[in-house]
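Next up: just one chain, as structure tokens, the form predicted alone.
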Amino acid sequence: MSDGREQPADDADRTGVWLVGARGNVATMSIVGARAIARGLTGTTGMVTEREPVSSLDLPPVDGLVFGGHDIAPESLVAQAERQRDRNGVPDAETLAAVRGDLAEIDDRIEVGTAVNCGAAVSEDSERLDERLAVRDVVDQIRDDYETFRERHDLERLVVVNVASTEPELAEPDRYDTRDALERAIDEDDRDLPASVLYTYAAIDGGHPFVNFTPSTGNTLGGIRELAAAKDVPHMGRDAKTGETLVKSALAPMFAGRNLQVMSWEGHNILGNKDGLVLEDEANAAGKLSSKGDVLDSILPDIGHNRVRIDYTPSLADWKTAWDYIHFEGFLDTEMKMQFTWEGSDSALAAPLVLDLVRLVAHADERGNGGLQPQLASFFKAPIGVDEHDFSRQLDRLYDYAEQHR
């Protein structure tokens, strides 16, 4: 009988997954889901990598993913999963009971992280690296955590994924447009650099593929992109597309294709988890609102009015609701309207995409395909280096990649 502990995969199939924000909602659901799949407790619905043509790629198996991470939250993975079960019903009690031992084991691999310049994401009970440490020392500590984890678990490779709460936007990011400028800023103890950049730099400089699941600065800096190209390390981001914006990127091309004039598109989002709480702060919300709004501006450049709101509604917990109102004009100046409501579990929508991205970035790394990964644009609201926001055309990039590499 299983003791509920994580069972080792074949050594050749072991891929490390280092989650920045490892005790958050999305990370917890990703770990629960991966371990439930490994134990045969659930299927792979929601995973793009389990559907043709992407499933034809030689991808690392889900049961070979070995999890660790950084966090500043003192609450354990088990406690977080229990809270999500009690408040949201996801995961269900039977699944959580079966993977509880795995969560406890993985929780021992979570290290205290940095929270410099994270704004509202930092609470009074946060545990974090001493903010008096020099920036270079913080980067070195993060790098040591990555390497220790990889060596201790004899991993073929380590993929770092940022799933932490959204940071405030970085002022004057152009200051770090080159690798030299960025590394000089680190060496000169530039206190403006946010945590996401430090995690990203440590990962890519150490040769570890990186995914920015959040709207935070992370790998968007020119200096990071130059470093990744020089070291031939795959990376992609930013801001995963899981709900309302996913619908927009599929629906807006219909209006464009039929030459219907969208006069107004209002989007109102409410959610109740910690991400919603953090986004109550205007500085933390700015990047998120920008990436959600830019999708429509790209597909419908003549749109008259485009606005997005995100409000924290505590009673909803991890469930989120988006209501969109579209006012458009058709033939003979006829004004018409469309409305839709999207309701879903925020973490259950995001978690399978985390697993997909880990597998796909690991695949690119295995084949020596470094730098930005444009074939992954369909996963993000603001895909770095890709101007195309039409969801079907973004998917074509992924399908073409699968056909070329199967």
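Note that residue numbering begins at 1 and tracks the sequence as displayed. Not measured: the values here are computed from a predicted model.
What follows is about the form predicted together with a further copy of the same chain, which we do not show.
When you look in the predicted complex, the only residue of R109, H268, R157, R83 with a non-hydrogen atom within 4.5 Å of a further copy of the same chain is H268.
Proximity of A230 to a further copy of the same chain in the predicted complex: non-hydrogen atoms within 4.5 Å are absent; the residue sits far from the partner. Residue contact with a further copy of the same chain in the predicted complex: D63 places no heavy atom within 4.5 Å of it. a further copy of the same chain is not shown here, but in the predicted complex it comes within 4.5 Å of a heavy atom of T341.
Put simply, V361 is far from a further copy of the same chain in the predicted complex: not one heavy atom of it is within 4.5 Å. In summary, the region of this chain contacting a further copy of the same chain in the predicted complex, judged by heavy atoms within 4.5 Å and restricted to 215-223, 158-166, 303-311, 70-78, corresponds to 303-311. For the partner-free chain shown, S378, F379, D390, F391, S392, R393, L395, D396, Y399 of 377-406 come within 4.5 angstroms of a further copy of the same chain in the predicted complex, judged by any non-hydrogen atom.
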